[in-house]
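Here we start with a single chain on its own, the form predicted on its own, put down as structure tokens.
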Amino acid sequence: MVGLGPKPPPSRKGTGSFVDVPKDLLKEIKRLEKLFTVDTAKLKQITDHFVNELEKGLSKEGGTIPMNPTWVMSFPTGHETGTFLALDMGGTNLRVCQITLTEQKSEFDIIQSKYRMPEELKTGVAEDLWEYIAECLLQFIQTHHGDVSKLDKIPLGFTFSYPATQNYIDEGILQRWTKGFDIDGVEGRNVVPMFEKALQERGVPIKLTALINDTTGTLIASAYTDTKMKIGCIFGTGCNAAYMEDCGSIPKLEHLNLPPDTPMAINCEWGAFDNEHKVLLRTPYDELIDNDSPRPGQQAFEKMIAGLYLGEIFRLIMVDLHDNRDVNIFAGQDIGKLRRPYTLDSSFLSAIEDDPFENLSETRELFQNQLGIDPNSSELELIRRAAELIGTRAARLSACGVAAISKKKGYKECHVGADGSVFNKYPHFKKRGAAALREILDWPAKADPDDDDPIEILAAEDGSGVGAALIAALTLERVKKGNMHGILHPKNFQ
């Protein structure tokens, strides 16, 4: 048959059939499927244990999940106004925003700049980190406001997305570094005076109004535009969730005698879930990641679902299949680049799962260009399946946390605001998470595929920018009304 013009490669629908894959490779694929598949019964078991661990974190004795009270004591109304700065110190970038909450309900204007977080600062000296941040803030204010000496101090919401104890909204005692940071002399200390000292030395006209976690910001920013929002989540470099609890359900705050129905946003820090390894089925690759991490034995849940680790799990599988298995994939090729830890991030897996072609030509190019490896067609099938298994497990485990908070709070219907690179960019993450939520919570089948799920995980508003500004606004507002709970330095609020 004569074709008319070039025929496009056939589109790929899901996993290949593995018909042409040699038996030894097929055996490895089956082994990986067994290791990485989490069935419905297991999801339910994990969720029930998760609920107990959330409760334990709120108790006086505490638990593995910190469940940090944030001193954010209300949802926004949508009528907040004013101009605020927000500083977002994430794992890769530093972002500075100026947010103006307008007279229009639930609307805002934003100006922002991003600054790269230099790698050497992540393991360097504390002073260098704070000086760099102060310098970025100074540059931003000079660009948008001119001479800083003529300015009144601008209120700032500082998004500090690391586990911190907050006895007050304007302090944060770092519990432990995550996201690749490991700076001596900061853990166990309040980061605010270090930050303020650097600002003062440079004459930066800022008053810190609230130190927040990006997840709490995500919750508040999403609730600003959607009143059905009850939970905020981050699925990015790290993972976390926040939700609004009643003070009467927080035994560890009993001594403060707060009215029991007073709301209090809780920053769960659920990356630490199941550090005791009671319910999560870890593979040998997960154990390797944990053992070689800066904090072995910590962040067990995060290490199985967060963007920082997905590419590394994949890399470890590939190296193992080259070195230790009978299959010896990439035989006779130099895998030097593949041997470098953390060479591959989650975007590498995203690209593999996004490859639309039956022959996985884009995946092959990816391996050739980034790793100097030329996989054969059977190896490409294995590569694709490994990526799918890692990505699917991450999405399904993520759903356990959302289901646990929903069960604990008795939410039958609500919206969950989610942010982070994995949620926003990883192929099929939302769909796989939604399917797992349906399995865990035993929802009946939809009459119409377009119907909403009772609990919907939706793209969040900008938590670390707009959320931080809103929390600064809510805090100033409640102080004005005389609610001084959780305020360390009242003078900053005058």
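The first residue of the shown sequence is 1; numbering continues from there. Owing to the predicted nature of the structure, the values given are computational and were not obtained by experimental measurement.
A second form of this protein, the form predicted in complex with a small molecule, is not displayed here; the remarks below concern that form.
Across the options 290 to 298, 127 to 135, 92 to 100, 156 to 164, residues that bring heavy atoms within 4.5 Å of the small molecule in the predicted complex belong to 156 to 164.
Residue contact check for K179: one or more of its heavy atoms lie within 4.5 Å of the small molecule in the predicted complex. Residue contact check for E302: one or more of its heavy atoms lie within 4.5 Å of the small molecule in the predicted complex. The small molecule in the predicted complex is not approached by L85, whose heavy atoms all lie more than 4.5 angstroms from it.
In the predicted complex, E379 stays away from the small molecule, with no heavy atom inside 4.5 Å. Shown without its partner, this chain lists V72, C239, C400, L219 as candidates; in the predicted complex, only C239 has a non-hydrogen atom within 4.5 angstroms of the small molecule.
Checked against the small molecule in the predicted complex, the candidates L310, I329, I234, A223 yield a single residue with a heavy atom inside 4.5 Å, and that residue is I234.
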